[in-house]
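Next comes just one chain, in structure tokens: the form predicted on its own.
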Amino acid sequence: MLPVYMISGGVSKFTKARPDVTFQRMVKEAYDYALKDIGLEPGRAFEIVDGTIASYFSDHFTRQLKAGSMVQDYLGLCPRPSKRIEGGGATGGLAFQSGWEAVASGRYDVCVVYGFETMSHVNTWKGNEFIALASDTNFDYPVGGFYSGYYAMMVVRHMKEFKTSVEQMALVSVKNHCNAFHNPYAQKRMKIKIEDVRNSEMVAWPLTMLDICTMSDGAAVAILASEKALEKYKLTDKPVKITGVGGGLDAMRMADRPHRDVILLPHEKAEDYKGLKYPGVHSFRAGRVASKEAYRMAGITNPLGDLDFIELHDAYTSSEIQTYEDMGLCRYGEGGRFVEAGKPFMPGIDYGYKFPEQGKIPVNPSGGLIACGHPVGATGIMQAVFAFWQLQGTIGKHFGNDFLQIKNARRGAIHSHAGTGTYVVVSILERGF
């Protein structure tokens, strides 16, 4: 496999609705930003881009099949080859890895990965129905299968098994909303407290409105390049190398997932989990497999010490806590205490609480899905763009302030998740300069 670098990226404003633009125009906003950031004119981009990867979750939102073809035309990249990726909530992360594969294989030297979603085109209840179609429509969906119900069930089990509290979950929301306060691209920029989360409208106990991500309109673009293209076109002196990719998949129905021994990461021992029923409904086995594969490829032996930050798929505060454990930031069962200690909070930011270990490994410094928004096809690519800017040290340039810049960040991870943990992908990015 050839080395692959990310050389630029762009994100449109994530918001509840963008009635002012079509989905094509929304993608072009992000694409134009990515080109401008490396001084690349659209005509020159047409000459050097070998192909694209299109990322969007649902044809239902746009009421348009083959929407990717329309975007490609609007970007001025026809007749370059393209393919569309779809994988539920992990769509953007899967597309990013597909772009990596296209360059690593030698097929493309320069690949544009773009994603979008226009979820405002339908009512919220209808959007929830569309998303719920990513569950098993023969078994789970007919018995009330909206995702908030699934995740409520999972966290109730986590609470019973591991004594996780609703206050610990609320701290995830406090963290992510406060981070997003400093991110101009984020949909929900506000400072909140634990009581605000618990007093917000109950959706599916114990999950409230502020425990759950929002539906959004938005787009994101990542431009990937081979080493040969990096040297030939000299578009950036701050490339970011993609050093590890991993993916995992599990049975759609949680009842079909067999109980086995815990899949161990390099820094763990079997005795750490003696007696643990795994994966149960409290853990995402696909997330553990994806993490292990990405860590192996990138040479990571202890993620807590080897990673400087993570942009993590936090569709629910509960799933962020579950994912701390799947990614090996702490042992299974310790996710609630991990956030309570302040480890995933940004250093130097006042969240209104005192934490003994604040800033150990910032998780979702951008604000994550809960506060940035979740236009599904764009989300994983958005994570890549924010990680790219972190590793370049250019958050201040792109955000207009450097509150969210992690000092001397050299290696980060992005994590995308679909369904109830059916698709999960993890990618590792490192400074390439």
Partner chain sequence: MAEKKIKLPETEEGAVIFNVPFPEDLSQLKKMAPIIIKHHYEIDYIHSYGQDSPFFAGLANGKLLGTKCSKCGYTYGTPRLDCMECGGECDWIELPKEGYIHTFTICYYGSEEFLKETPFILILVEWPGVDTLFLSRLVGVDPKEASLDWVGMKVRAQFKRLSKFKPTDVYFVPAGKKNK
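Positions refer to the first chain, counted from 1. Predicted model, so just to flag it, every value in this text is computed and none were measured.
Not on display, but discussed next: the form predicted in complex with the partner chain.
*Asks:* Going by heavy atoms within 4.5 Å, which of 259-267, 111-119, 88-96, 239-247 lines up against the partner chain in the predicted bound form?
*Replies:* Of the options, only 259-267 has residues within 4.5 Å of the partner.
*Asks:* So in the predicted bound form, does residue 146 come within 4.5 Å of the partner chain, heavy atom to heavy atom?
*Replies:* Output for residue 146 is yes: heavy atoms within 4.5 Å of the partner chain.
*Asks:* Taking any heavy atom pair closer than or equal to 4.5 Å as contact, tell me whether residue 140 reaches the partner chain in the predicted bound form.
*Replies:* Judged by the heavy-atom cut-off of 4.5 Å, residue 140 is in contact with the partner chain in the predicted bound form.
*Asks:* Going by a heavy atom distance of 4.5 Å, is residue 331 a contact of the partner chain in the predicted bound form?
*Replies:* No, no contact at 4.5 Å.
*Asks:* Should residue 157 be counted as a contact of the partner chain in the predicted bound form, where contact means heavy atoms within 4.5 Å?
*Replies:* Taking the distances in the predicted bound form, the answer for residue 157 is yes, it comes within 4.5 Å of the partner chain.
*Asks:* Using a 4.5 Å heavy atom cut-off, which residue among 312, 210, 339, 75 comes into contact with the partner chain in the predicted bound form?
*Replies:* Exactly one residue meets the criterion: 210.
*Asks:* Going by heavy atom distances of 4.5 angstroms or less, which of 194, 349, 203, 230 would be at the interface with the partner chain in the predicted bound form?
*Replies:* For this set of options, the contacting one is 203.
*Asks:* Is it the case in the predicted bound form that 20, 152 and 253 each bring at least one heavy atom within 4.5 Å of the partner chain?
*Replies:* Judged in the predicted bound form, 20, 152 and 253 all sit within 4.5 Å of the partner chain.
*Asks:* Could you list the residues in 114-128 that come within 4.5 Å of the partner chain in the predicted bound form, counting only heavy atoms and keeping sequence order?
*Replies:* If the 4.5 Å heavy-atom criterion is applied to the partner chain in the predicted bound form, 114-128 yields 123, 125, 126, 128.
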